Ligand code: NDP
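Only one chain is included here, represented as structure tokens and corresponding to the form predicted on its own.
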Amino acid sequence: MTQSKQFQLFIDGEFVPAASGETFTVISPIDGTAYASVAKAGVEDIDLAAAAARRAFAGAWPRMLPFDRGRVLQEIANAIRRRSEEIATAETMSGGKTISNSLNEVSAAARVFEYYAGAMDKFFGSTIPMGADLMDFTIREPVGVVAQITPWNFPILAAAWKVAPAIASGCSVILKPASNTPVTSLLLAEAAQAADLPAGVLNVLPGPGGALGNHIATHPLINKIAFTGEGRTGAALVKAAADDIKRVSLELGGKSPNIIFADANIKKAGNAAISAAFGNAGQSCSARTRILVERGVHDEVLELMQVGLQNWRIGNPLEPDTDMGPMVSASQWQTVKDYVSIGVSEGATLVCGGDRPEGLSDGHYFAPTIFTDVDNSMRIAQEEIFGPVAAIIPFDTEEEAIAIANDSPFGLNASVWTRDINRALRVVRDLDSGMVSVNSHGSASRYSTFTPFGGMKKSGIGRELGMNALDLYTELKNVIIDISDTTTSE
């Protein structure tokens, strides 16, 4: 590959160089070569974007008929679909995601804009009965200028999840994509420009998160922060934003349990456990990497996974039949390798994987890895590895399965496999998890457009997607009116 693509910042409706003139290089994890040169935003660029976003928010955009804002969102969706192959290729080249997954996620990103194109004129306030002489009602108003910080594992989809409901609500946005994968967010800016989104409503500023995060959190023109990423960074943003009482929503990590009972469809559950743990090379906050298996079917599930992985194709993510591509970066590869060493040192049994796949000497590829003899107190069971490493943990009773599943600082997602509907509902009720799938693992790209996405405990604050996301980007104003003509003394 040769470095042939160049991208600038998107501020106030135009593509411009960084104020400093600096750029950085996006490295493809497929083979470690340069893929693109991208303008590197600094604090001065944040100031320019915040001023542009504030002007846009003071202008016509939030005052438009919601239906008319929706027409612009529909045009953005159309622009994304017209360029789906180009955007999907950029996603794969910069992040290592398989091209089939990238195409699915680009389609899902367009669908998110389509959903919110028709959402805001159906998101109402309410009337509250207060007796004969008083009328009370509520109004939904946009929160203002929103800074949105997105991760590298689902770049275009995470951007859509955040941008679409925010601008549908009438907010203006400063989008800060991850430095590893900024290209598709800039292509989203091109789609917004083609759809005639008013200048300043969307601004896209790639750059170093550490240098820009604190400035965003303390900026006087920014009213809200929406962040997806690592927990310590999210906590730091909350602390930095506290003095201004900025609204903050967080979508953070997970260590999601996959609970398989002996009465489940074991073949279906065992095969599904592979993609649930190793899809996107395990680089997903919802990855089901703690596989809790009733002891009587433990060996059967393990065998199903091992046999299934024999047909699991790891390699060039641009090839349509590839199941798993490389990890996003050399540093992430090393992190996973270090956790494998930790697991072995803790006494877990390494069943398969644990290193680079045979025959793949270039790129950041890591073989799907399974540990058995895992105790839930081990670090590989408690800490988010963010790579293709699964820990199989046996249990004997329903109560024990629930206790193990809940013994985690996270509470994002979970799966339960059983044919007993009463058991399924009891476990769903008792799990500390913001989302639970029964006899499936769900799919963010297929279903979650319509349903709330978010977690409990250290997995975050707030819910994205569905109509619930509009709560994040609006303020609720109550209005009370005395309609009596009676003169009274207070």
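All residue numbers refer to positions in the sequence shown, first residue = 1. Values in this document were obtained by computation on a predicted structure and should not be read as measured data.
What follows is about the form predicted in complex with the ligand, which we do not show.
Novice: Considering only heavy atoms, tell me if Glu230 and the ligand come within 4.5 Å of each other in the model of the complex.
Specialist: Contact with the ligand, yes.
Novice: In the model of the complex, is there a heavy atom of the ligand that lies within 4.5 Å of any heavy atom of Phe386, even though the partner is absent here?
Specialist: Yes, Phe386 sits close enough to the ligand in the model of the complex that at least one of its heavy atoms falls within 4.5 Å.
Novice: In the model of the complex, does Ala178 have a heavy atom within 4.5 Å of the ligand?
Specialist: Flag for Ala178 set to yes.
Novice: Ala166: heavy atom within 4.5 Å of the ligand in the model of the complex?
Specialist: Judged by the heavy-atom cut-off of 4.5 Å, Ala166 is well away from the ligand in the model of the complex.
Novice: The ligand isn't shown here, but in the model of the complex, which of 94-102, 126-134, 245-253, 68-76 has heavy atoms within 4.5 Å of it?
Specialist: Within 4.5 Å of the partner lies stretch 245-253.
Novice: Which residue, Leu237, Val145, Ala390, Ala88, is the contact with the ligand in the model of the complex, using a 4.5 Å heavy atom cutoff?
Specialist: Here the answer is residue option Leu237.
Novice: Report the residue, out of Pro394, Gly209, Gly354, Gly279, that has at least one non-hydrogen atom within 4.5 angstroms of the ligand in the model of the complex.
Specialist: By the 4.5 Å heavy-atom cutoff, the listed residue in contact is Gly209.
Novice: If you apply a 4.5 angstroms heavy atom cut-off, which residues in 455-484 are near the ligand in the model of the complex?
Specialist: Result: empty, none.
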